[in-house]
Structure formats: structure tokens, C-alpha cells
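A single chain, nothing else alongside it, follows as C-alpha cells in the form predicted on its own.
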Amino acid sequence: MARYTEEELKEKVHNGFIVEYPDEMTEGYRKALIVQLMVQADTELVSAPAYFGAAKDAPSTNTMVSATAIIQDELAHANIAYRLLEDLGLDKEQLVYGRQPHEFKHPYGFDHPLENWAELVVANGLYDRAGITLLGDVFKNTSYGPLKRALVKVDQEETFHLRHGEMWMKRLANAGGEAREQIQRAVDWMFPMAVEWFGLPDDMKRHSGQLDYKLKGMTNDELRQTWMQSTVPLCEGLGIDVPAHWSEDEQKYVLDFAFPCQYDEDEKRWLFGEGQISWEAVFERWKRRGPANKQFIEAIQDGRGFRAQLAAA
């Protein structure tokens, strides 16, 4: 029998109680925590093959080392989250090797290949910033003790990834010419992708329990706004156009395009001119997954065969 009712646990965590062990959870708390950890783990894992494809385009040995260090960090972060899921009764081997590609729960943007160094550093600058925005909120507010402690290391390393992206975005933007054009093209498709990453607007948000159980502290719109508060000034400071601006009337950043909108994954281009689409259409696109989903998951799962060969040798 659970120690607390759902309502008792919700009240306790909002009064500062930290959950440490599964027997302190209610079923609702456990389910909400699993969903959160699954997205965190899958996102970290699938970022690795996406980053690896572009790391091979690194302009020097030193930058190749930096890029591969970031990939190693992402895999370690995934392992931390899967390890926490094991504490909740899930099987890490099954989660990594036993699922079909479309069953992973990472953002749609990581199903797209990064095709050059500029796309990699913009991913560090925009996607890793989205990750820090989300995980920074979790670290500050979560009621789950083991995750809070694990995120001390994760947040420090994600900050390095972000600084790497910012530094190289500035360097390539200042170089001008084709380098600057590559940064602009990468921002053109990744900026709306990251905006979409934060999910449904608050007035449409489905009940997830993560706020009720204090697994995080900010709503989707608050997180999206936090991300834009640093991303838009960064890009504007580099002379890179973004489809968003600060509204004095609303005292917040607002988007200059219909949101959400249609995306052409073959051309890596958002079809702003076609107007707003429904979130149901967005969910259908997410469920179909992006163009490199199968390739990236298979690249990860191929490692199991290699390990089996080593064990049999």
C-alpha cells in the first residue's frame, strides 16, 4: 500500500518534500517521472549520431576533439537518465536496444542530419540552450532527489556545449561570406524547430502531472520565453536574422510567423507563407518521425552486435 495518496504527495512535494525512493512514490508520480526521464534519456542519446555526422566536418584536430567530447558527454547524460529509469523498474537494455526507431521520445529536430560544421555549432547554440532551459528548470525545482543530484554534472557539461556553440557562431558570423551564410541557413530552420520543441502552448496543454508533482517548475510558454530571452539577443548581436522580436506592448518576445506551421523536411525549410496549422498536424509529423530517425537509431543499436562479437571472441 502506498504511503501517501496522490493528493497527499502533491501537497508534500510543494511544501518541500524530496522523494528519494520508489516506495515513497504514488503510481501517478512514478508514471510522470518515467515520462520525463524517458524524454531526457532519448534526447541525449539521439543527439549523438546527429552531432557525429557533422563533427567529421570539424575544421581542425582541436575542434574535432571538442566536438567528440560533446558527443561523449551526451551519451553519458543518456546513461544517467536510463540508470535512473532502472531504479523505477525499467530495463536499460530494452530501452536502448529493444525499441523500434519511432518509439524513441526525442524532439523531432534530432531526426535531421546536421550536414556541416555551421549546423553543428548552431545546434549547440540553440538546441543545447533548449536543453539547459529545460534541465535547469528541473534542477531548480524537481522533487526527485536522485535526479536533482545527477543534474549538477549534466548542467555543467551542457553549459560547455552551449558556450562552444556561441563561440563558433560568433566566429563564423564574423568571418562573413559563405561561413556567415551557413550560420544564417542553419538558424533559419533550427530556430522554429527549437521553438516547437517546448510543445503545446499553455492554453492547450494536456495535463501531464509534472507540475502537480513538482517534477519541474515552469510551464511550456514560460520555458519557451526563457529560451527566446537569450537566443534572440544572441542572434541579433551577430547580425543573424531570427523570426521573433521583443514586443514593448506585451513585454515579451513574440514570433513573427504563424505558430505552429508547416515544415518541408526535404528542403529543411519552414513554410511560413502557408499560415498556421493545427497541433494535431504537428503531432502527426512528430509520430512519422524525421528523415534520419531510422538511420540514427540503427547506428546506436548496431553497437549491440559489436559488443556480442567482442564477448564471443
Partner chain sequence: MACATSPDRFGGEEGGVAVLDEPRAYPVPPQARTGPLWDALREVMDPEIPISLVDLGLIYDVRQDGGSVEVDLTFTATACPCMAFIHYDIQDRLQREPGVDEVKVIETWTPAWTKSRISPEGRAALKTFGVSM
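None of the values given here were measured: they were computed from a predicted structure. Positions refer to the first chain, counted from 1.
What follows is about the form predicted together with the partner chain, which we do not show.
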> Exactly one stretch in 95-103, 134-142, 164-172, 211-219 has heavy atoms within 4.5 Å of the partner chain in the predicted bound form; which is it?
Replying inline: 164-172
>> Is Ala258 near the partner chain? Define near as a heavy atom within 4.5 Å, in the predicted bound form.
In response: no
>> At 4.5 Å between heavy atoms, is Ala69 in contact with the partner chain in the predicted bound form?
In response: yes
> With the partner left out of view, is Gln276 within 4.5 angstroms of the partner chain in the predicted bound form by any non-hydrogen atom?
Replying inline: no
> Taking heavy atoms only, is Gln251 within 4.5 angstroms of the partner chain in the predicted bound form?
Replying inline: no
> Counting only heavy atoms, which residues in 59-91 are within 4.5 Å of the partner chain in the predicted bound form?
Replying inline: Asn62, Thr63, Val65, Ser66, Ala69
